[in-house]
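Just the one chain here, laid out as structure tokens, in the form predicted alone.
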Amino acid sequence: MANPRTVVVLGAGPAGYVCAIRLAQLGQKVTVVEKTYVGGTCLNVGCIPSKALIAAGSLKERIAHAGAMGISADNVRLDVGKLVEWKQGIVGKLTGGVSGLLRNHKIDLVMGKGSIVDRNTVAVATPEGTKTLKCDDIVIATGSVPIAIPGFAFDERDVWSSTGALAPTSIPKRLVVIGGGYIGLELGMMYAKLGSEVTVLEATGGALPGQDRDCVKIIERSMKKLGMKLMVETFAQGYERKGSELHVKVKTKAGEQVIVCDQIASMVGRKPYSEGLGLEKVGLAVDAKGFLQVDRQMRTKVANIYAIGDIAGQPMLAHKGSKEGLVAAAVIAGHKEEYDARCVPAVIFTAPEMASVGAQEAELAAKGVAFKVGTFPFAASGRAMSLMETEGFVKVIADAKTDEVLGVHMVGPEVTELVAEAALAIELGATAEDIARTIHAHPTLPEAIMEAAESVHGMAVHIFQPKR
């Protein structure tokens, strides 16, 4: 084997630590620099803790409806401190596991803020002083930070970022969520289940902009059932504290108004983190949206400097960043590799859950692609009935000429798990008939994907489809 390359990875999130471990597996000498915490946003204040709290909210709601099964549970109480402690325990186990993996792979971890000095040097500001790291390659995996909007600076007291919303000391009676995207709705619905009166302010014409509208309709209907209020085409202007109350000024089509609440959560999105990285010292600059341009091998325009994860462009998803980390590691180790994923699944932990992969109908129509659509409702699924979760459906979109699966969109029970089959189908170029002919275990939720694929051809068994 050729002499190992010395690599510095800036960031220990799902892109950076995955890249570092794969580099070590491929025989390279690796140092990871992390500013705040191993595991990055995802493991510490994002994906993992949010899903833990969402699971708690869902369990509380299920207990409330368990009477239909003949199960009575009186005086159900929520201990917020215990809930946050449990959530933090999960975070601790996972981040500790990642730290252990770095040690086991003999990867050096330097805690501090890293910046690029030149194409072969990284300086790290640590509590003990500046540490200089020489290297052959640099991988930028610095992730992203919440976007703050004017008038709503994050203080984690009156105005929560997603970080503050994941560490409550109590459940607010009235919560205003700014932003009806996936972060705002996931956490907004969680708080609604835990007892908050939730108002969501969304600047566009509906919740979850950019997602399949048929799926979104189910989510918006569920929000109403939870007692949530969705205000669309509404812009938050600022707020004032009056005693124990927060008065939020909003601008709507009907004019200005004030919403009174006890807590504000501003969740309008995230932006790539590049502050103080020293990109200019090697001739690199982010674009207007804060991204670094990379090629299919994750290289920036400086050949030995790579960028992966949120800073490398949309979609800003942990699993996309991890995949890019694997690609960059292989390229650095001298393997013939490039990022060639046909699709990236998106999962949204609302109630019910939503998941999508591949093209949407509107997108295909705009391109003039002829397609067929098959759907199957969870109301016709025996397994969904047994779970008491029959809202939603699976939609399969297939090429009208070749029958190749172009997109799958679903909303309903555990669809964040089911989408993996759909992603594999698209990645392998499967047809709707391929899915339909594959035997699916009964009684299970994945049968809904099989039936939706049958529905593309008007042949679903467990729903009636009039002859076309």
Ligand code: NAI
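The numbering used is simple: start at 1 and walk along the sequence shown. No experiment lies behind these values; they were computed from the predicted model shown.
Another form exists, predicted together with the ligand; not displayed. Remarks below refer to it.
Of the heavy atoms in F235, some are within 4.5 Å of the ligand in the predicted complex.
G188 falls outside the set of residues with a heavy atom inside 4.5 Å of the ligand in the predicted complex.
Although the partner is absent here, G114 sits far enough away that none of its heavy atoms falls within 4.5 Å of the ligand in the predicted complex. Mapping the unseen interface onto this chain, F349 counts among the residues with a heavy atom inside 4.5 Å of the ligand in the predicted complex.
Checking G313, P168, G181, G278 for any heavy atom within 4.5 Å of the ligand in the predicted complex turns up a single hit: G181. Think of it this way: in the predicted complex, the ligand has a heavy atom of just one of C261, L201, C215, I305 within 4.5 Å, and the residue is L201.
The partner is not drawn, yet in the predicted complex one stretch among 239-247, 322-330, 370-378, 201-209 has residues with heavy atoms inside 4.5 Å of the ligand: 201-209. Applying a 4.5 Å heavy atom cutoff to the ligand in the predicted complex picks out M267, V268, G269, R270 from 267-282, in order along the sequence.
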